[in-house]
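This document starts with one chain, in the form predicted alone, laid out as structure tokens.
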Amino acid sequence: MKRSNAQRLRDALEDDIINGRRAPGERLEPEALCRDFEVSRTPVREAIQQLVASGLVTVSPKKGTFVARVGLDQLVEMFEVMAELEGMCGRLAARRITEEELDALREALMRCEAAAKAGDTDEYYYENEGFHHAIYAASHNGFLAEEARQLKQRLKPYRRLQLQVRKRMGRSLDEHREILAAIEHGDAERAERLLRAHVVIQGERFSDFVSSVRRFGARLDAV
């Protein structure tokens, strides 16, 4: 999937923030970003807007743009809500999906499989996003789909962080296959249960996630 300059810049800044190369409170200078990434001001502005939407960056009037501090408790709460929204989308999709939408979901899964086979976590994230968006569309509930998309965008950097956990990409792909099978068979309850479990952070996955975020926070505190 070819990404725009704004997407590439946003991804690079996300990586810098999550991996501790940019500290909380650090100022982001648009001119320096233009120079460092060899892009115009437009993609820089678009990337910053997207980072603000995800909660990684804050903008203070007359002061500038700054890296925000991560709040673990709020992240966990947001993932809980995301899991419920995803589950609802899955339940409705299993009941309402059309043959054309089902074909689109199968194709999205194939693209996820190709990215996983290549071992490309960033590419897998974007194809994973397409898989989930196909389910949102198949729910045929525009309000629910929009709420899910907005919250998913806010959680984007942390969902990418999850994929860096060892073997998570492979497990995610297996879960996608099970979700597709449930939707194909019109099993609304199973689709809802699988999607909720796919997103929510619990058990060992919670421990892995907390460890990743705390390592991130420790690196930032040491800066």
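None of the values given here were measured: they were computed from a predicted structure. Note that residue numbering follows the sequence shown and begins at 1.
There is another form of the same protein, the form predicted in complex with another copy of the chain; it is not shown, and what comes next is about it.
- Residues within 4.5 angstroms of another copy of the chain in the model of the complex, judged by any non-hydrogen atom, belong to 73-81 and to none of the other stretches in 73-81, 111-119, 127-135, 98-106.
- The contact residue chosen from Arg154, His198, Arg168, Arg159 relative to another copy of the chain in the model of the complex is Arg154, the criterion being a non-hydrogen atom within 4.5 angstroms.
- Using a 4.5 angstroms limit between non-hydrogen atoms, Gln49 touches another copy of the chain in the model of the complex.
- A residue is said to contact a partner when one of its heavy atoms sits within 4.5 Å of a partner heavy atom; Val59 fails this definition for another copy of the chain in the model of the complex, lying far away.
- At a distance threshold of 4.5 angstroms between non-hydrogen atoms, Glu147 is in contact with another copy of the chain in the model of the complex.
- Using a 4.5 angstroms limit between non-hydrogen atoms, Arg27 is distant from another copy of the chain in the model of the complex.
- Counting a residue when any of its non-hydrogen atoms is within 4.5 Å of another copy of the chain in the model of the complex, the hits in 130-150 run His140, Asn141, Gly142, Phe143, Leu144, Glu147.
- The distance between the CA atoms of Leu56 and Glu123 is at least 3 Å longer in the model of the complex than in the form shown here.
- Relative to this conformation, an increase of 3 Å or more in the Cα-Cα distance between Tyr125 and Arg10 is found in the model of the complex.
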